[in-house]
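Just the one chain here, laid out as structure tokens, in the form predicted on its own.
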């Protein structure tokens, strides 16, 4: 009974902090006040100040984690609505996302390996370019640390959601499809939530990017790690 009460309290606190952070961003309209980023910082500070162990807090966090999978699947709805528009550029989309998955996997693992990171750390970085539930699954498959992969995926998503839109606009990206693809491929679920604020085309292409990046990375990650092992850069 006490465990259930603690889980509900942690869940309620998380939702309350996120709602407050979302309201703060709407009021001040600052890209650096992204609700996910603010919520993470506030919750970490609260746990440290109150002396609450993460394991105790995570009893409620697991409830939210459960909904990550269904949330990713739900992205299929805007994709289905925009299938005709996206279908016209099918080949270009596939090639660009395949290149993104290859670069995302190789860049993270290669840099970590050359800097002398341990094998489990390098393997944990292989799914850096995919959304959290997929990253956890890939990390378990390739011998990485699922918790580390989740942290890296979340950090990458938040960072991409914060700096992605202004960076894309500064680079002259005007295509709604390209905007969504970039956000989904680079910033995963958090980036897709940001892309959805722009419109349904952006949400659909971003959702497509999440799914295909997951498929491509699941195939490429073991191949990249095997290559690094053959070169003697990964133990």
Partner chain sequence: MIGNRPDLRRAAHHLLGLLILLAFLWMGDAFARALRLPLPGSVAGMLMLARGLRMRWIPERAVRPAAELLIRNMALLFVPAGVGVMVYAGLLGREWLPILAGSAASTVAVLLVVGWMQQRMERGG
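Computed from a predicted structure; not experimentally measured. Numbering follows the first chain given and starts at 1. Take the two forms, superpose them, and find the largest set of C-alpha atoms that agree within 1.5 Å; that set is the rigid core.
Missing here is the form predicted in complex with its partner chain; even so, the following discussion is about that form.
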property	result
is_contact(residue 123, its partner chain) in the predicted complex, heavy atom dist at most 4.5 Å	no
Close approach of residue 143 to its partner chain in the predicted complex, 4.5 Å, heavy atom	no
Its partner chain contact in the predicted complex: residue 30, any heavy atom under 4.5 Å	no
Its partner chain contact at residue 139 in the predicted complex, heavy atom, 4.5 Å	no
Among the candidates 9, 227, 15, 24, the residue which, in the predicted complex, approaches its partner chain to within 4.5 Å (heavy atoms)	15
Residues within 4.5 Å of its partner chain in the predicted complex, restricted to 45-66 and counted by heavy atom	47, 48, 52, 54, 57, 58, 61, 64, 65, 66
Core fit, then residue 62 C-alpha moves 2 Å or more between the shown form and the other one	no
Post core alignment: residue 21 C-alpha displaced by 2 Å or more between the shown form and the other one	yes
